[in-house]
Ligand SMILES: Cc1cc2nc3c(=O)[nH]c(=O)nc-3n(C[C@H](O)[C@H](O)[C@H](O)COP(=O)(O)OP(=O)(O)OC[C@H]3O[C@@H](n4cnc5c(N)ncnc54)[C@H](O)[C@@H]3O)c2cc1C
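Shown next as structure tokens: one chain only, the form predicted alone.
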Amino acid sequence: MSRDPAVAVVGLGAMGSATLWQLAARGVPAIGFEQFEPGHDRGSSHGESRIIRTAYFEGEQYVPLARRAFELWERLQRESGAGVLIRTGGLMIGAPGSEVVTGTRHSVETHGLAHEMLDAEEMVRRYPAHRLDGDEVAILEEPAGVLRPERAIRAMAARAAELGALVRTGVTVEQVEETDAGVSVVAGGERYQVDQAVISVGPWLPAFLPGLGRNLTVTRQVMAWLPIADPAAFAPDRFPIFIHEADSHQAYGFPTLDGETIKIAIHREGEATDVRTVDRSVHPADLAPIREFVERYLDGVIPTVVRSQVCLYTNTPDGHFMIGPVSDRGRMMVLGGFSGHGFKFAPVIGEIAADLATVGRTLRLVAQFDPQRFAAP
């Protein structure tokens, strides 16, 4: 780099590596710090697969961000040569009045998204692996698909380095202090003076920024891989990603990526934990809801877990993100609280963070994600 870093990015998980990539792509001198290695399995962005979709039941305000994220993921593939996105289509399944179905319908109708409504009979004909209760329906979105998280994070961090960013791994950030002159960062025993800092530390955020962190709850989530009887029936071109709301659970799953298993998990039902002391072992009680879902709602999947893994959600009270300045000085920003549905947006959130760090504003609608919305009156 030709001069001292202008921006420091603390944490190179999904959002941090995306931010560093976007800053470097603009020619902004930037440095990123990661306590492990990009693509590690200690936080929230591992487990081989994540869903990407635009038919968004969590809120129609996410649809423009998802569209832009698709564009940027495709750009990353072109620039890096890494295969990070697999188009499979997506099925949102549930009773007509379920959150998944009503929220998805609102998003597709508000934004005019191409989609198909499928009843239980049509689902049996087109996607026979799924079993639906009599009144359940599905909404099919063709562009949806699978992201490869570890591969994507490594590609973004590597691309940032190729474009001139400094990447420091195996380094713990001990202190970040906002001052009138900028931001002081102490990492690995060295002090850096930068103009702006972006804090993106995932489940470490409650301890790293306690003022904001008191509004967050970190939960322990379990992912499981189960064998399939006919791998061809669960191939990416025949078995779309899905979210199925049933029996008070929201289960989600993927096509086979290894030709032997599919991954299934239950959304937002993990117990509260602390990233520093979390139990990373998987117990029979963790797997029971997954096996029960498979036994009732999927054909051709053997309800015996052959592999499992723990990941972490960092949840806000309203389930929406934290993106924006930590204080009125505006020199330090936080990206966090992604509540189990943020990974797909990583490159556009990186773009937003780069906007805010360089020009102090963004054209994206992010006021709803203001970290200060939880401040006591």
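Since the structure is predicted, the reported quantities are computational estimates derived from the model, not experimental observations. For every residue, the number given is its place in the sequence shown, counted from 1.
Quick note: we don't show the form predicted in complex with this ligand, though the next part is all about it.
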{"property": "Contact of Q35 with this ligand in the predicted complex (heavy atom, 4.5 Å)", "result": "yes"}
{"property": "F343: touches this ligand in the predicted complex, heavy atom cutoff 4.5 angstroms", "result": "yes"}
{"property": "Touches this ligand in the predicted complex: M223 (any heavy atom, 4.5 Å)", "result": "yes"}
{"property": "Residue contact check: S200 to this ligand in the predicted complex, 4.5 Å heavy atom", "result": "yes"}
{"property": "Listed range touching this ligand, judged in the predicted complex by heavy atoms within 4.5 Å, from 134-142, 288-296, 104-112, 203-211", "result": "203-211"}
{"property": "Option touching this ligand, based on a heavy atom within 4.5 Å in the predicted complex, out of A82, V171, A120, L216", "result": "V171"}
{"property": "Residues from 24-57 in contact with this ligand (non-hydrogen atom within 4.5 Å) in the predicted complex", "result": "F33, E34, Q35, F36, H40, G43, S44, S45, R50, I51"}
